[in-house]
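One chain comes next, on its own, written out as structure tokens in the form predicted alone.
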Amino acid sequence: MSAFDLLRTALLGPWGPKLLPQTLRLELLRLRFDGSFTWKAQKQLVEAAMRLSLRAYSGPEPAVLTSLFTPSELIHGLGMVPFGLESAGGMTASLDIAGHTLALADEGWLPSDACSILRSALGGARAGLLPRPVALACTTTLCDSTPKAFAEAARHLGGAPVFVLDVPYEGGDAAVEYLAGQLRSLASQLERLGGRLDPARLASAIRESNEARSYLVKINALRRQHPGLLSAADAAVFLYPTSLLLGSRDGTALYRAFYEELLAAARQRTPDDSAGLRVLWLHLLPYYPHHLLDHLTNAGATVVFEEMNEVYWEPLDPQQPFASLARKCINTLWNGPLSNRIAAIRRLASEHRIDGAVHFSHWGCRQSTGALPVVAAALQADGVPLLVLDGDCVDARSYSDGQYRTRLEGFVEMLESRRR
């Protein structure tokens, strides 16, 4: 039985919440003998994710439920364990239990037009499948519904306090100080709930984050030099460590491992190896098994980079941790004017010499979907066609493989005709 089968069985059974820690421990043992990974660093990432989850469920350190852009460096620096609500929603799809958790969300009258990632995670909270945190901490970025989702999660997770970081729309010194003050207050509140605000440990977490960032920058440079060196399917996992492991030794170690493996593989290739038609992937990929990337590859195109893996933040200052983390939160491409995101997309398209872009429009994500006409116009001005695929990252019932294949093949044919 595979790891996912074990976890799925544990989660769906009547004793799911109680059996989950034991299942994670057994799977960590089994992973030592698993040779099915393309890259050794992939196994290292799975092990790190399982260790972090196990600590959240049954470790001695207090757990904090976090959102995608809650700075994990602060949580690690306080000696606490971050557990991502969005990551839990994505995992329900990976484990093929999203049908169950989405049904529970429907029973709780959660809006059906809301993001299914959050809805599925909240269904898991209703079922008691998430760890009991001492607090929940989220930002107002990326989704407007995130604060409400966290308030709903708290109702099912023991009534722990919810802290919302109000991220300013635009930057500047005043905005940075405003958010830095909130981060200081959050650290003080979490300290009362079991964390320990040790300046030396927080500075160490900042340095770990900077080192991990440096390896991610090097990985992206290798991918520019060698298109197709790392597949989009393998690179999609980076969203987990960048949201939950930055600031930890595991985060630094796994990005170092990925870089060293990719560097060794790159040395066996000549720079700028042909990847056929080059595609930039915008927004997310589905979390359940799919064939979107296979259809592109079979048609003669390769996804050479993903918008979500852009390193948008500058190195952090260990001497000014709160201001640095505030600046990182504000400067994400998903905050502020749409022009910030468009500038990044155009830069990526130029750096990777993109032939076309594909945007997977996740159901319920109004921010990304609403921006599409402007994004398409900007790319078109640069001569880069955009294909929009409507779908759902969590609910596999929305997936129509035949329709997606037809549209992707047609898109690649159009790109080929433009190249001739």
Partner chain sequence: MSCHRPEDAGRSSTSTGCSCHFPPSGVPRPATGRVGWLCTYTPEELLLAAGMQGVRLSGDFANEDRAKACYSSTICPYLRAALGAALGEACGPLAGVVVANACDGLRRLADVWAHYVPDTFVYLLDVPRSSDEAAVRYFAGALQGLRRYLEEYGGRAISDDALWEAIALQNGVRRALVALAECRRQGAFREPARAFYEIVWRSVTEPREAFARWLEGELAGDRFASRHLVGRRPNTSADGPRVVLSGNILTPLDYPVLDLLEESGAYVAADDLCTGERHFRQEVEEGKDGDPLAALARRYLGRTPCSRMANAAERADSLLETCREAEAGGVVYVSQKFCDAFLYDFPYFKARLAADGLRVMLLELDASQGSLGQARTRLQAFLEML
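Residue numbers count along the first chain shown, from 1. Note that the coordinates shown come from a computational prediction; the quantities given were computed from them, not determined experimentally.
If you look for the form predicted in complex with its partner chain, you will not find it shown, but the lines that follow are about it.
- Note that among 41-49, 376-384, 352-360, 64-72, the stretch whose heavy atoms approach its partner chain to within 4.5 Å in the predicted bound form is 376-384.
- Put simply, E314 is far from its partner chain in the predicted bound form: not one heavy atom of it is within 4.5 Å.
- The closest non-hydrogen atom of R224 lies beyond 4.5 Å of its partner chain in the predicted bound form.
- In the predicted bound form, its partner chain sits within 4.5 Å of a heavy atom of S339.
- Put simply, G276 is far from its partner chain in the predicted bound form: not one heavy atom of it is within 4.5 Å.
- Contact annotation for the candidate site: C143, G172 and A175 all lie close to its partner chain in the predicted bound form (heavy atom within 4.5 Å).
- Taking L282, L229, A114, A253 one by one, only a single residue has any non-hydrogen atom within 4.5 Å of its partner chain in the predicted bound form, and it is A114.
- This chain appears without its partner; in the predicted bound form, the one residue of G108, G194, P161, G99 with a heavy atom within 4.5 Å of its partner chain is G108.
- Applying a 4.5 Å heavy atom cutoff to its partner chain in the predicted bound form picks out R346, W363, G364, R366, Q367, T369, G370, A371, P373, V374 from 343-376, in order along the sequence.
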